[in-house]
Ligand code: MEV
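Single chain ahead, written as structure tokens, the form predicted alone.
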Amino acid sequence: MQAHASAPGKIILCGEHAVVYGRPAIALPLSGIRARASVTSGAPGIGVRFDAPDLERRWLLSTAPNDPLSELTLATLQQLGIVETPDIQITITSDIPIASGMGSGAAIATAIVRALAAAFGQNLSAAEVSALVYESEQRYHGTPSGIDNTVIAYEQAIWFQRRSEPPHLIEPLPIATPFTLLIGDTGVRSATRLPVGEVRRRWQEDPACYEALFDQVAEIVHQARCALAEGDIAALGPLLDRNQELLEQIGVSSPELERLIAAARRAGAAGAKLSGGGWGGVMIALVDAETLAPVRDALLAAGAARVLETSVSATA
């Protein structure tokens, strides 16, 4: 037995945090930045063994059945109709920085689900993969928006809006003109559940204030959708900047993020904001052919641990 699968990272263009409270968000897959999983035959009687060198972990399902990836594997095997625990090894590798707002956990989970399905000669739909990964995300993040598992499982730019009862609204996002983003990594790791939990606490203490902030974020997301559909990339930059202002008011930015965002803007980025949970992780900057190099240099000079480039293709 030998099967391999991969899944992309992701970034949220705009709408994070508000999306947890029913507002829309726009998310993009990072096709060149991926997590990978392989499933091979294991020693008889050993059950499922996990080897994750990039995570510096190795464990047996039998000794860590409550590990989120162990539970995901059991749920996937059940979905595939595999009754007896097979003797297999699951090897996990990833290019995606952990706890960076780029969907590392959801990408690893998606790769595992796809590899298990391939190993047992079955196909799972993107919706089935997404549902399995969402359950796993709940163990990591408490109240995930559902956006990570969705954009990663479907591997396309999406408009996402969470509803009180599934199915959530998921639509392919029309993009008339390609554009380029730089992703600046602060090097500060922050588990998504922490800022998500703090925002929930603040929302519970002052719902009127936070509902108003979320409404303003939603308006930006709608305007960004129109800009992308019309190919008006020039309008996108100021929208990203305004979204960042609101994220600062919501309370999920950080000095490290704001230092990189300011450096990107000074170097010519059309707009910049944090992406993901915040309190660390990554920020994004909208650039073109002329500003790409100076913005990259400015981010590195401002302390970025790494700078990644992603090109977003036109879809319409």
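All residue numbers refer to positions in the sequence shown, first residue = 1. Because the structure is a prediction, the values reported are computed rather than measured.
Beyond the structure shown, there is the form predicted in complex with ligand MEV, which is absent from this document and is the topic of what follows.
Problem - T186, heavy atom within 4.5 angstroms of ligand MEV in the predicted bound form - result: Answer no; every heavy atom of T186 is more than 4.5 Å from ligand MEV in the predicted bound form.
Exercise for the section: Answer for L116 alone: is it within 4.5 Å of ligand MEV in the predicted bound form, judged on heavy atom distances? Expected result: Heavy-atom contact with ligand MEV at 4.5 Å: absent for L116.
Handout entry: 4.5 angstroms heavy atom contact with ligand MEV in the predicted bound form for L236
Key = Heavy-atom contact with ligand MEV at 4.5 Å: absent for L236.
Exercise for the section: Answer for P97 alone: is it within 4.5 Å of ligand MEV in the predicted bound form, judged on heavy atom distances? Expected result: Looking in the predicted bound form, residue contacts with ligand MEV do not include P97, since no heavy atom lies within 4.5 Å.
Problem - Listed residue that, although ligand MEV is not shown, lies within 4.5 Å of it in the predicted bound form (heavy atoms), from V196, L72, A131, A157 - result: Selected residue: V196.
Practice task
Among 117-125, 166-174, 188-196, 203-211, mark the stretch whose residues have heavy atoms within 4.5 Å of ligand MEV in the predicted bound form.
Solution key: Within 4.5 Å of the partner lies stretch 188-196.
Exercise for the section: Could you tell me if all three of R34, A37 and A109 have a heavy atom no more than 4.5 Å from ligand MEV in the predicted bound form? Expected result: Not one of the three qualifies.
Handout entry: in the predicted bound form: members of 1-23 within 4.5 Å of ligand MEV, any heavy atom
Key = Residues within 4.5 Å: K10, I12, E16, H17, V19, V20.
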